[in-house]
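One chain comes next, on its own, written out as structure tokens in the form predicted alone.
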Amino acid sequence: MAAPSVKGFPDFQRLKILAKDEFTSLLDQMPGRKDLVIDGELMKPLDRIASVSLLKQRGVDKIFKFDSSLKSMHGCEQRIYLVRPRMTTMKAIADHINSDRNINFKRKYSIIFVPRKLHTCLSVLEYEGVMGCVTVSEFQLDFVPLDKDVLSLELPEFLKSFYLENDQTWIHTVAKSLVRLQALSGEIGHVYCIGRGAKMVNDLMNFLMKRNSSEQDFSRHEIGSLILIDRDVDYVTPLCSQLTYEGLLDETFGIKCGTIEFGPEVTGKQQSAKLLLNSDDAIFEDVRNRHFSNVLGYLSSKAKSLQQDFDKRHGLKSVGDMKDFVANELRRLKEQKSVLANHIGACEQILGKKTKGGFEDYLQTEHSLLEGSGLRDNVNFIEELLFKQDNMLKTLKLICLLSLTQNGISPQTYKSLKTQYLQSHGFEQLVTFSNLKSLGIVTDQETGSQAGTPLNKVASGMAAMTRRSTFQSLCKKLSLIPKSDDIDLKNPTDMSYVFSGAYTPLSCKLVEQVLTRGGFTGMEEITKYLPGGVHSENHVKASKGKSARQDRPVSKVVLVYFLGGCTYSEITALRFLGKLKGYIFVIATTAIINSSTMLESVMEKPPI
């Protein structure tokens, strides 16, 4: 397969075509009319690969959203369930089948597991006595191409499942997604793993691919390097307030599988508007990676330019010119005007939310925590939010950042903040703190059980002196906190612009270091602070007189795979790094997350 040019990206639409063909083939296995019951998590990913009209062509009569609370469902004589492999889901399906059997209603059932069936699920079906009534198959829907450079598994539960519950079920899915990708684009020559999960994925990927030592022509392969990063290597970045346009859209409105829905407050009409956010939208492509301070001004100038194009119709003299304008230009201009109006409305909503509720003070505290300065003032600010019973997620974010940037919170402060948080937001949040402690996000600094004795007080004091925050050490060694306060947000020269110049995403800085050094050599003083360790493999054999690190175009195509999710800020930072260093970054992730969705996934009782 020919390698792409440096300016181009591998064609990931092939993944969509393969998924569509596989799914339609599964539907055809049950000929005739049938109902399709879809797991709520799979509705948007499925919508990206198969339209409703296509489903109708394949005999789908009605489409239902799976509801585990329903004990029975009506419909035609054939039904297909498209679901994630969960035991609770199997119990609900078994209830549906038994309900039909109780009233002697004959129906054919098929369960399609996405992305694969699990023995535990089949055991539930057997226990409920319905295994003989269903046919079981698998639909290996892994990567959903959200854009030309973004691939997502749409598995937000990976973070809780793997890092909190130590459930390795989804590791196979991640490894399989890479195997299928390389079957299309060719094997990847350089692999770099940062973290425990990354190493596990790489080992399983090698096993599934049955890599051999025979030499291959990697110059014909489309992706030069793969960097696997565990989310627990960098929890700080997703907890920071996003300040790029795309990041703020996600935090304010929520972007689901590359789609956003604007309500009447944005559209100015009674009905809502759904937009597909990708590079096909020229206006969005121009503003998505900008710092928010430069977006509204650009959109205003674009609106004036668009109005000038509209006004050109007044200067048309002949009927032919007018006919040509209506046929070719008018529709395009109206579509652009509609999209532009939505983006301007979204900006106004974001601006309204960010100029009230003490956002500037909140952002200042956040940046102060990243710098490691004004510790007492930061704690006071958090306590003030708790007294006011401010948004529980906002307050929890700051508590998390306080702990992560200081290698834990002092026992006295930890106890005080925890007690106040529980009193403000409910004692069920005790489980949330337990979960965050297990993840290593919110911890207290251990001072020892006998710290009261003079000798142990000295030892404790020495430990505190040598405890220097892991995060602060990484900040110093990688220059994560820019020394200059004068960052040009309009024409940035550094990745830190995504956080107003206050902080460079650690994950993206590690990617830069690995590519600059060609591996982890010379990074020992950095990698010793990273949980899970690092690992690298080089499958490219160096030719005589040539280094394995060649300057051919394929070596500039880099796949960065985040396990546990990544943010739009990190995607933006990597795009900027690619322009700066001449790389083509393809970002793959288990899911796209933000601070709220990350915390909600491990909270006992998330806010409604």
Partner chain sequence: MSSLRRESQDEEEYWMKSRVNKSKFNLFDDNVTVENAEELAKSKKLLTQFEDDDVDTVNWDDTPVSSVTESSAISGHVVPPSASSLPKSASRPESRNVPPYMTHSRSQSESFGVTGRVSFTPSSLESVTPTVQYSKSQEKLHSLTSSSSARSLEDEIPSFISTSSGSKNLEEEIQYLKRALKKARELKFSPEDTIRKMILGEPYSLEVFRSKEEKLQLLDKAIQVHDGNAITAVILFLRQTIKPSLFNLELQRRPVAINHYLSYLRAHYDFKELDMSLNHNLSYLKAHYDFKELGDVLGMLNRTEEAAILKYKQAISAPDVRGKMNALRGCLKAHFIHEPDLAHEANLVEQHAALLERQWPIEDTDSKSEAQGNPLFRQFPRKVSILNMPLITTLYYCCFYHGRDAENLLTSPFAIKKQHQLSDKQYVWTALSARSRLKQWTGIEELLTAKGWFGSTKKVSVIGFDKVCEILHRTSAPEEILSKYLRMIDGSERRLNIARKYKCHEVVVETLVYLRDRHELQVYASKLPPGSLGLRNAQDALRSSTIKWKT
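Note that this is a predicted model, so its numbers are computed, not measured. Positions refer to the first chain, counted from 1.
Note that the form predicted in complex with the partner chain isn't included here; everything after this is about it.
For Leu375, no non-hydrogen atom is located within 4.5 Å of the partner chain in the model of the complex, even though that partner is not displayed. In the model of the complex, the partner chain lies farther than 4.5 Å from every heavy atom of Thr135. Contact check for His74: every heavy atom lies farther than 4.5 Å from the partner chain in the model of the complex.
Taking the partner from elsewhere, Val124 is found to have a heavy atom lying within 4.5 Å of the partner chain in the model of the complex. Met200 is the sole member of Leu296, Met200, Leu363, Ile481 with a non-hydrogen atom lying within 4.5 angstroms of the partner chain in the model of the complex.
When the partner chain is considered in the model of the complex, only one residue from Thr259, Asn98, Asn407, Thr169 comes within 4.5 Å through any heavy atom, namely Thr169. From the list 521-529, 160-168, 267-275, 399-407, the contact stretch for the partner chain in the model of the complex under a 4.5 Å heavy atom rule is 160-168. Taken together, the three residues Lys302, Ile344 and Thr355 lack any non-hydrogen atom within 4.5 angstroms of the partner chain in the model of the complex. In the model of the complex, the partner chain lies within 4.5 angstroms of at least one heavy atom of each of the following residues of 64-81: Ser68, Ser69, Lys71, in sequence order.
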